[in-house]
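Only one chain is included here, represented as structure tokens and corresponding to the form predicted on its own.
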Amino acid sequence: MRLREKLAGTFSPNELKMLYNSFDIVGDIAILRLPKALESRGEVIAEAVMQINKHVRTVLCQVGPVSGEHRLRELKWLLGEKKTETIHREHGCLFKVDLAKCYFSPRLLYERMRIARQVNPGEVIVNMFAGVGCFSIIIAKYSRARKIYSIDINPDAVKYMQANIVLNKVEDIIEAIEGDSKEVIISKLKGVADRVLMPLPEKAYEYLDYALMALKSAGGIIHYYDFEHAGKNEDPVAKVAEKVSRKLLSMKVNFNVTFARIVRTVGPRWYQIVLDIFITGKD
């Protein structure tokens, strides 16, 4: 049963129209976003969420956008256990996370497995924006990667990543590194990678030079994520591909965009896009 259906007898048609029907569930925590007009009804909505999703033990409300260097969202407790830490299960892997201290999106589960299935045996991977380790751990579990350097600037995210590496028994493959990925690459990861992950749309364009720096001299794959706005007759995927292509051409890089798609809608006419870029040589 959907949330609007559940509340149909309690809310007016106008209130139901305002209500967001979808929300994130991370482990046993549900995260809602409420329009201002419905903030006073938060507890009633949270109760309906817990009735529909029997395994949910806590309902939180996101009261602001994802912001700051560590990509955190401001959360307000609505109902259930007063906590922000949980263990999320995805593709048979376990991810311990504190949602108040670390960025986490369950909406990228398809992407995480899509990339894991591309990894060839013996690859070395640099994950520039690893968070609590989801991409890195799923790749380690579902491929025969030789080494994954898993970097994040948020010390809390790195602490949880280290715990998750142990939890999923991939200590021999993943190295968790705390720091700014551009500085980490410059200091210790130049020319080591067959594949680079850039799952932080806010920073990917700015950090593209460092992703190239991490790749081996023969080239490799960059998984590039970005946000893009598209007007009525515009293609957001084409806009991102054109922007990135211009930058790579200006750097005299040989490349081919082998795959591109909309990952998800993030707002009215705003989209998250992924490009798989095959770098065939660097000057």
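The model shown is predicted, which means the values in this text are computed figures rather than measured ones. Just count from 1 along the sequence shown to find any residue number.
Form predicted in complex with a small molecule: not shown, discussed below.
Peer 1: Going by a heavy atom distance of 4.5 Å, is residue 70 a contact of the small molecule in the predicted complex?
Peer 2: Flag for residue 70 set to yes.
Peer 1: Check whether residue 147 has any heavy atom within 4.5 Å of a heavy atom of the small molecule in the predicted complex, and answer yes or no.
Peer 2: Because no heavy atom of residue 147 falls inside 4.5 Å of the small molecule in the predicted complex, the answer is no.
Peer 1: In the predicted complex, is there a heavy atom of the small molecule that lies within 4.5 Å of any heavy atom of residue 80, even though the partner is absent here?
Peer 2: Residue 80: no, not in contact with the small molecule in the predicted complex.
Peer 1: Answer with yes or no whether residue 160 is in contact with the small molecule in the predicted complex, where contact means some heavy atom within 4.5 Å.
Peer 2: No, no contact at 4.5 Å.
Peer 1: The small molecule is absent from this chain, but in the predicted complex, do 108, 134 and 154 each have a non-hydrogen atom within 4.5 Å of it?
Peer 2: Every residue of the candidate spot has a heavy atom within 4.5 Å of the small molecule in the predicted complex.
Peer 1: Taking 4.5 angstroms as the heavy atom distance cut-off, pick the stretch from 137-145, 113-121, 80-88, 179-187 that is near the small molecule in the predicted complex.
Peer 2: Heavy atoms within 4.5 Å of the small molecule in the predicted complex occur in 179-187.
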